[in-house]
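Here's a solo chain for you in C-alpha cells, the form predicted on its own.
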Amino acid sequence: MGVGTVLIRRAIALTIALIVVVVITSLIITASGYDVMIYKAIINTEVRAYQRMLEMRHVANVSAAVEKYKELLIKVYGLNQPPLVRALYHVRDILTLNLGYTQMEETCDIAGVPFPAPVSEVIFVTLPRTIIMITIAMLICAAIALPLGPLIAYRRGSILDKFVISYAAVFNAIPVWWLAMVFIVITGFILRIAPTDYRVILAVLNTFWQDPLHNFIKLLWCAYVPIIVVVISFLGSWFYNVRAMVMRVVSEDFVIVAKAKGLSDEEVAKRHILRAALPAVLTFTILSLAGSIGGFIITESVFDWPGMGMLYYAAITTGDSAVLLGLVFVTTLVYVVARFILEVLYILVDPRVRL
C-alpha cells in the first residue's frame, strides 16, 4: 500500500470513531430521559411566556391557542418521537454542524453571551480561554521537557535525574486544584500581585480589539498565575514521561557508537536518542495538547476561570444536552484531527513507516 492509501484508511477509521462517539453519547442522553426532562422544562417556559403575551393582547380563546402552540413545540423538539429516533435526530444535527441553541442560562453565563445562544457560539467563545490557561501551559511544559528529557535519560542516576524523579513524584501526588488555592491565597490575598477574581477575563476578551495593547497586559495579569500553577503541576509528569520513552533508546548500539565517536552529550541526546524516540514522544505531546482542550473542571472552578471545564460542569449539572453533545463532538473532533496529524508525522519522521 502507498502512503496515500494508508492515510485515507486512517482518515476513514477516525471518522467512523467520531461518528460512533457521537451516536453513543446521543443514545445515553436520550435513553436516560435527560433530553425529555430538559425539553419539557423549555416547552413549559415558552408556553407560559406565550400565554402571558396572548393575555396582554386580550386574544380570545387563549387556552386553545396555548394548547395548539404547546403541541407545535412538542413536534419541534421531537418529544412525539421514540428515544431512538430522537437520538438519530441529535446525531444528524451534530454531524451537519447544526448544534442548535442552548436554553440554559447557566451555560450562557459561563460563556458570557446573552441568553439563549447558539451552542456553537457558546463553545467557541469558551474554547480560547481554556487554550490560554491550559494549552499554553502544556506548550511551555513541552518546550522545557522535550529538549531536557533526553539529557536526563542519558545521564540516568545523576543528581538531575534523581531530582526530576522526586519532583514528578511529589507533584503527581499534589492535586492541581489544591495548588491553585494555595497560589490564589499567596499571590492574590497576601502578596497582592495577582487578581483574586479571574472572571474578569470575560470583559478582557470581549473587548480585546478595542484596545489590544492594554487588554493584552490585562490578559497577562489574569492568566500568569493559572499558567504557572499548571506548569508546576505537570512539568514533572512531562519530564518523567519523556525520560521513560527515551530511556529504552539510551542503551541501543547506535548510541554507544555515537559516544565512541566522541560526540558531546548534547549531540548524542538530540541527534540520536531523541530522533529514535521521536514517534513515541510526538504521540505523547500531541495527544496531551489535544486533551488539554477539554479543560480542567475543578481547577477552572477554583480560579473561577470560565473555560471548557466549567462549561462541561454547567452542561452536566443543568442537563443541557445540546451543549453537552456539542462539547463531546468538538473535543472528539480535536482528538481525531490530532490522531490524523500523528499519522502524517509518523510518515515524515520514521523511515520504517514509509517502507
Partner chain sequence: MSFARKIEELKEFILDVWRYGLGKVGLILAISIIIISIAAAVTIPPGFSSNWFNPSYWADYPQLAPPAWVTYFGVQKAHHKVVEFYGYQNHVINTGRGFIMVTYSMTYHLRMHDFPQNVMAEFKGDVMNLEYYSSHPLPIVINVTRPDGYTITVFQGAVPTSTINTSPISPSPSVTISSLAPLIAKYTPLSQAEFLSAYANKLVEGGIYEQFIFGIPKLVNGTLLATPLTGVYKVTLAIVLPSPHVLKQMLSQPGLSEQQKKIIKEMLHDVNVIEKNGVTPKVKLVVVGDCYGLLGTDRYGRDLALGIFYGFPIAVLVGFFAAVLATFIGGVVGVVSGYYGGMVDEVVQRLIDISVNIPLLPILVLIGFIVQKLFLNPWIRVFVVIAFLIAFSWGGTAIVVRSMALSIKAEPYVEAARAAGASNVRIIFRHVFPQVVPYLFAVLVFSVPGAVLTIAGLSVLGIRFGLPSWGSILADLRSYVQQAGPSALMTWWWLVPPGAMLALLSFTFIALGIAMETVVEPRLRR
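Under this definition, the rigid core comprises the largest set of C-alpha atoms superposing within 1.5 Å between the forms. Residue numbers count along the first chain shown, from 1. Just so it is clear, the model here is predicted, and its values are computed rather than measured.
As for the form predicted in complex with its partner chain, it is not shown, yet the points below apply to it.
Considering its partner chain in the predicted complex, the lone stretch of 91 to 99, 114 to 122, 75 to 83, 149 to 157 in range is 149 to 157 [heavy atom distance within 4.5 Å]. In terms of contact with its partner chain in the predicted complex, the residue from 205, 247, 227, 139 that brings a heavy atom within 4.5 Å is 247.
This chain is displayed alone, yet in the predicted complex one of 143, 190, 220, 256 has a heavy atom within 4.5 Å of its partner chain; that residue is 190. Remark: none of the three candidate residues (127, 270 and 288) comes within 4.5 Å of its partner chain in the predicted complex, counting heavy atoms only. Contact annotation: residue 212 falls outside 4.5 Å of its partner chain in the predicted complex, judged by heavy atom distances. Using a 4.5 angstroms threshold between heavy atoms, residue 29 counts as touching its partner chain in the predicted complex.
In the predicted complex, its partner chain lies farther than 4.5 Å from every heavy atom of residue 346.
Though the partner is left out of this view, residue 173 does reach within 4.5 Å of its partner chain in the predicted complex, counting heavy atoms only.
Applying a 4.5 Å heavy atom cutoff to its partner chain in the predicted complex picks out 324, 328, 331, 332, 335, 336, 339 from 321 to 348, in order along the sequence. Core-superposed comparison between this form and the one not shown: the Cα of residue 325 travels less than 2 Å. With a cut-off of 2 Å and the rigid core superposed, residue 256 has a Cα displacement that reaches or exceeds the cut-off between this form and the one not shown. For residue 36, the Cα coordinates differ by 2 angstroms or more between this form and the one not shown after the core has been superposed.
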